[in-house]
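There is one chain below, alone, in structure tokens, taken in the form predicted on its own.
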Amino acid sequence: MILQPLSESTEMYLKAMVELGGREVVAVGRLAERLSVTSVSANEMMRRLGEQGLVSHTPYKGVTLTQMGREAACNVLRRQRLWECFLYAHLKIEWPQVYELACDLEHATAPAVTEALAAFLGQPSHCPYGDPIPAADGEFEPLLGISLSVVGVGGHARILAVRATDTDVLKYLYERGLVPACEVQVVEAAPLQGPLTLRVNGKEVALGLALAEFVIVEIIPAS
């Protein structure tokens, strides 16, 4: 159990580890890239979190959350995703802007407010970006999807979640119809790591592989 309130930066690191790897090992370099910090800063934070018992280090591989670290991280995710639901459904904030605004709110939300918000929203199971909202005890069922970037040419898929965090990236995907529940088909994959050509809502859309990594899908079997 976490007895002391965590700093905002600590919460951001813990949350990023869940978003990137769940229970798996996360490379510190990926963590630094996700949070737009230097590798030196990320390694120093991992050292401090290790001293607090929040992460454990696997030599030459990366870091994983301890049970205490995972509980803390899921608590942050719960707050953020509940705020995303509220901002989107009740304040009618545009979908691409919700993530960043919820990030600002999550760090200043007391447990009683979190649970009151969950009750007000009717205990939602997923956020507007399609990811599951952890329960009050921190448990949740992870999405069993794959990245759109690995879907083969001709493949049909349904978007489960969008895991971008940058507002401009979210806006780019939103404007092209790449949002949860949308169905897509991979029409073409350019060689040498080139962009994918997708069919979305009857239109063809080009999407780079780096952006396709943010889109989590499930394959729709051929009929």
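Note that the structure is predicted; figures quoted are calculated from it, not measured. One rule holds for the numbers: they count along the sequence shown, beginning at 1.
Although it is not shown, the form predicted together with the DNA is what the next lines describe.
K.L.:
Can you check 42-50, 154-162, 191-199, 178-186 and let me know which stretch has heavy atoms within 4.5 Å of the DNA in the predicted complex?
P.N.:
Only one stretch qualifies here: 42-50.
K.L.:
Check whether R34 has any heavy atom within 4.5 Å of a heavy atom of the DNA in the predicted complex, and answer yes or no.
P.N.:
No, no contact at 4.5 Å.
K.L.:
Should V28 be counted as a contact of the DNA in the predicted complex, where contact means heavy atoms within 4.5 Å?
P.N.:
The answer is yes: V28 has a heavy atom within 4.5 Å of the DNA.
K.L.:
With the partner left out here, check for me: in the predicted complex, does some heavy atom of T58 sit within 4.5 Å of the DNA?
P.N.:
T58: contacts the DNA in the predicted complex.
K.L.:
Evaluate T38 for contact with the DNA in the predicted complex, applying a 4.5 angstroms cut-off between non-hydrogen atoms, and reply yes or no.
P.N.:
Judged by the heavy-atom cut-off of 4.5 Å, T38 is in contact with the DNA in the predicted complex.
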